[in-house]
Ligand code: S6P
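Below, in structure tokens: the form predicted on its own, a single chain.
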Amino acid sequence: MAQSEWTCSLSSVHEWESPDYEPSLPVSEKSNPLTRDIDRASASRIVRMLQACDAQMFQEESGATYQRLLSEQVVATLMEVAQKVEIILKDPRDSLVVLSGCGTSGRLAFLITSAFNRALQELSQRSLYSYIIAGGDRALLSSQEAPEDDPKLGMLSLKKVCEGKKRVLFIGISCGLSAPFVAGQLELCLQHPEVYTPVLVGFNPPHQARNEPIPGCTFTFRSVVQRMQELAKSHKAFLINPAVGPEAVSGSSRMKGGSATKILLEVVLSAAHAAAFTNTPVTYKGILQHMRAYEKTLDITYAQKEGISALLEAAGQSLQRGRRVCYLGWGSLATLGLIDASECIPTFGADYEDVRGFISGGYRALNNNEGPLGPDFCIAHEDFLHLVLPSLDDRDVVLLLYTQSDDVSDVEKMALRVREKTSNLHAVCHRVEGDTAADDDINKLCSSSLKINWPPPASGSLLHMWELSTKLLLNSLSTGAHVLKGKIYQNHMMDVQVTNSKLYCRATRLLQKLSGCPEIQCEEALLKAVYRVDELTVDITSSDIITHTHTARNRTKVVPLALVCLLTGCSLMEAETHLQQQPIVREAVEACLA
């Protein structure tokens, strides 16, 4: 990074913490000063920006503005929650630990519960962890955002999972402290303190929790948080809500929000397992050391930034040409590929085929609650070979994701099959330093191969670090590729799907910020784009947000269309013509204004 660029970055690092910086927005929705012009950055500069954003997760507390990941209060709360889990592990009768969330948060709940149930099985213990994701298992692989707005559905799903249990530690994950689905579950916990101990994980301070009324409910997310704050004083509820800084693409909580969720919950559960099964007590120092190990993971991953930049460039070229990016993975790295691919559709308005993930062993390896999800969700390597491989050529990117612990001969076989159709084959492999696993033949088949070497662990496995590293890398790759495709305006998601109340409010705010028009005018423009009309009828204006978001499910380019109409005063048809001629939103807008 050039000296002038580095100095500029340093001055931008804490800018978002100023009370004058986008004061009406919660931290999780603010735009990040580090990425203001990411839509005009080269591949290598995009990676440097994302690295600087991810590093914000581990910044020290500056003044009293926000508590951070390594703040004393956060570490102390992690200790307490770990001790609650330890008690359940030592006496698991009629007990359960439930992790729940929407979208990325629910997908990570699945990933984490799967890993720790496997750890219990290896110790000949029965499974103690359950996950809930709004929309059920289909939401693991695709956007199912309407259920996120349903607190009663959240309550029912929690009751069902906990039937017959007398002691439940419930961990609700909502990055923005905003999801009604999770608010409903926390409300249920507060109504039944004899069974439930609620834990809330998110990345805004309590006063920024969402306070909009929830249809059919007497509570808001903020009122639930306030009651939890009171109970936290007597250790009957717990809030884990450090600020990790605004996302690189504003509001895209799949990135830092997801990474910080993974770090926090794995630290808690790992400490509890060590205490229950190896007599290693939960200590403040131990929690802090474990957090620092995750910080080191960022350094090891971004030491490969040249390789990541080259991958990002290749993926961006594929998407620009209307082609596809495929992740072929083994084990939990494959699950992260499935997760990353699923997030591209709602975040960037991508097509299902643009970015796809596949896992060796298919649903048997995924081991989700509901099993195979039907022909719309084909995820096995066999599905890739049958459905995708025949139509591949050199314009498509295929990325192999594996570790030294996986079956390298199987990886090589897959590489050979792919190489028959495309030379645009790449690999990411994690291994311990000094390991000489014979994967040279795979390297020879690939255009590029990232070998990420890790120091031998002091104890336990490196798998959680390999997973976080892979998540950071795939998030960089898919975000950067869509930036290069023109799906971002400055550092805002412009082609976001307006399919639930959170995204509807985000779209209205974004139009306000970029157009400078009043809120009511922005909402009107948004509704015109949703319903594809130049004049709003009484039926439309008298409908509720649920009706609007239901209609928006079948619409594309809603926010870009609304923005062009706001800035130019043109009709929807004229706006559509502008965007067809220039699909890169920022350039389309500037061409309209010129």
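Bear in mind that the values here come from a model prediction, so they are computed numbers and not experimental data. Just count from 1 along the sequence shown to find any residue number.
What comes next is about the form predicted in complex with D-sorbitol-6-phosphate (S6P), which is not displayed.
Fill in: Shown form pocket vs D-sorbitol-6-phosphate (S6P) in the model of the complex, superposition, backbone/C-beta distance 2.4 Å
The site is open here, because D-sorbitol-6-phosphate (S6P), transferred from its pose in the model of the complex, meets no backbone or C-beta atom within 2.4 Å.
Discussion item. Tell me which stretch of 489 to 497, 80 to 88, 103 to 111, 319 to 327 has a heavy atom within 4.5 angstroms of D-sorbitol-6-phosphate (S6P) in the model of the complex.
Written reply: After filtering at 4.5 Å, what remains is 103 to 111.
Item to complete: Scan T470, S252, T403, S478 and let me know which has any heavy atom within 4.5 Å of D-sorbitol-6-phosphate (S6P) in the model of the complex.
Response: The option sitting close enough to the partner is S252.
Practice prompt. Select from the listed residues P346, P242, P151, G331 the one whose heavy atoms reach within 4.5 Å of D-sorbitol-6-phosphate (S6P) in the model of the complex.
Written response: Residue within 4.5 Å of the partner: P346.
Worksheet item: How about G135: is it within 4.5 Å of D-sorbitol-6-phosphate (S6P) in the model of the complex, going by heavy atoms?
Response: Taking the distances in the model of the complex, the answer for G135 is no, it never comes within 4.5 Å of D-sorbitol-6-phosphate (S6P).
Discussion item. If we define contact as a non-hydrogen atom of the residue within 4.5 angstroms of the partner, is D354 a contact of D-sorbitol-6-phosphate (S6P) in the model of the complex?
Written reply: Judged by the heavy-atom cut-off of 4.5 Å, D354 is well away from D-sorbitol-6-phosphate (S6P) in the model of the complex.
Worksheet item: Is the gap between D439 and D-sorbitol-6-phosphate (S6P) in the model of the complex 4.5 Å or less for some heavy atom pair?
Response: Looking in the model of the complex, residue contacts with D-sorbitol-6-phosphate (S6P) do not include D439, since no heavy atom lies within 4.5 Å.
Fill in: Proximity of C175 to D-sorbitol-6-phosphate (S6P) in the model of the complex, heavy atoms at 4.5 Å
So C175 counts as contacting D-sorbitol-6-phosphate (S6P).
Discussion item. So, a 4.5 angstroms cut-off on heavy atom distances: do all three of D39, I46 and H482 pass it with respect to D-sorbitol-6-phosphate (S6P) in the model of the complex?
Written reply: No residue of the spot touches D-sorbitol-6-phosphate (S6P) in the model of the complex.
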